[in-house]
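Below you'll find only one chain, the form predicted on its own, shown as C-alpha cells.
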C-alpha cells in the first residue's frame, strides 16, 4: 500500500467521532463511578496473561485430540508412551475448567471499560471494541459448551466436536488480535510498579493517571491481596475438585468430577452402556470376522485358542477422565498375521452397535503393530461386562476412549479415521 492511501486510512480510522450529549451520562456512565484500584491496567494485564496462557495450552492440546481422531495424511500418533494422551487430554480439560474463574476475574477487572465515555471516540476504537466482543463471545462459548459437554448434557442442535474445534480457532485468533491491539497497555500493565517501563511513552497526564492508580492500590493492600487470593483460590478449587478424574490420587477430593477412576462397572467408568448401544443380546452365534487373504470367522472359543496376553493400560475419554485397568485378550497383530496380513496393516474396527458416529474406528500402523494392542475379552481378571464391550473390545495404548471400539464384530484393512 502506498503512503498516500495509508495516510488516508489512518485519518479515516483516527477521525474523531461526535460525542454523545453529556445529558446521557448517567448511572455507570458518570465520571468517577468506578473507583476501585483493582480495575486497573496492571491487574487486567496480569490476569489476562494467565488467561492467555491457559487458552493457548487448551487450544494446542485440543488440536492434538482433534488430529488423533481426524488425522491428516502427514499426522502420525505413536502407540507409546501409553500415558501420553492421558496427559494431553487431561491437561486440555483441566486448563479449560481453570479458565472459567480466570475469565470471570478478567471480565471483572475490565468491565468498567464497557461504560467509557464516549463509547467510541473514533472508527478504530469502534473496531477494537467489536473485536473484543468476538473474543469474549468465542471464549465464553468454548468454556460453557465444554463444561456442558463433560457433563454429557447436550441442549443444542449442533455437533459439539465440530463446533468446538472451529470456535477454538476463532477464539485463539481473537486472542492474537487483542494482544496485538493492546500491546502497549499490556506492556505497561506487566511492567514492575514504579518502573520506567510502566509509564514509558505516555503523555504526562496519562503517566500521572497510571501512577495515581498504583498509589491507590498501595494504599489499599488488603483489598488487592484479597483479590489475588480470591482469584487463586477460585482456580485452585475448580482444579482440585475436578482434576481427580485424571489424577487418581486426587479422586477423593474431586467431588465435581463427572467421572471418577475406580467407580463404574468392574471398577472402570462407562461412557456408553450396552443398552444404549443396543448390544445386550449377543448370543452363542457371535463371530469376529477378520478380512484378509485368509479370511477368519472366529467364535469366542476360537479367540481363546490364540495366545492370551495381559496388558495394564489406561482408557482415556475425550471428556478428560481416565482409568488404568488390566486387560486380557488376543493381540491384534496375531489376528492380522493369521489372516495373512502384515502386523502393521492399518485396519478399521467395526462394532455390533448399529448406529452412532463412533461405531467404526481406524487403527493406524503404529497401534496395529504394537504388541500391547489387544482385542480384549477380559477386564481385571473377569469376563468383560456388557457395558465394557462384551464379547470383545479394542484396547490400544495412547488412544482416545471413543476410538477403543466396544462390541467388536469385524476387522478389515483400510480406513482413515473415526466414522470412515
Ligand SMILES: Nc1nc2c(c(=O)[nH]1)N[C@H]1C(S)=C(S)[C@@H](COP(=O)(O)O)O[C@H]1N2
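Keep in mind that what you see is a predicted model, and the values were worked out from it rather than measured. Numbering follows the first chain given and starts at 1.
Beyond what is shown, the protein has a form predicted together with the named molecule; the following relates to that form.
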Inset, instruction - Decide yes or no: are 92, 139 and 164 jointly within 4.5 Å of the named molecule in the model of the complex, with each residue judged by its heavy atoms? - result: no
Legend entry - Interface membership of residue 271, the named molecule in the model of the complex, 4.5 Å heavy atom rule: yes
Legend entry - residue 387 within 4.5 Å of the named molecule in the model of the complex, heavy atoms: yes
Legend entry - Contact test in the model of the complex: residue 367 vs the named molecule, heavy atoms, 4.5 Å: no
Inset, instruction - Determine whether any heavy atom of residue 43 comes within 4.5 Å of a heavy atom of the named molecule in the model of the complex, and answer yes or no. - result: no
Legend entry - Answer option from 47, 61, 362, 351, heavy atom within 4.5 Å of the named molecule in the model of the complex: 351
Inset, instruction - Among 291-299, 225-233, 309-317, 176-184, mark the stretch whose residues have heavy atoms within 4.5 Å of the named molecule in the model of the complex. - result: 309-317
Legend entry - Residues in 393-415 close to the named molecule in the model of the complex, defined by a heavy atom within 4.5 Å, in order: 393, 401, 402, 404, 405, 406, 407
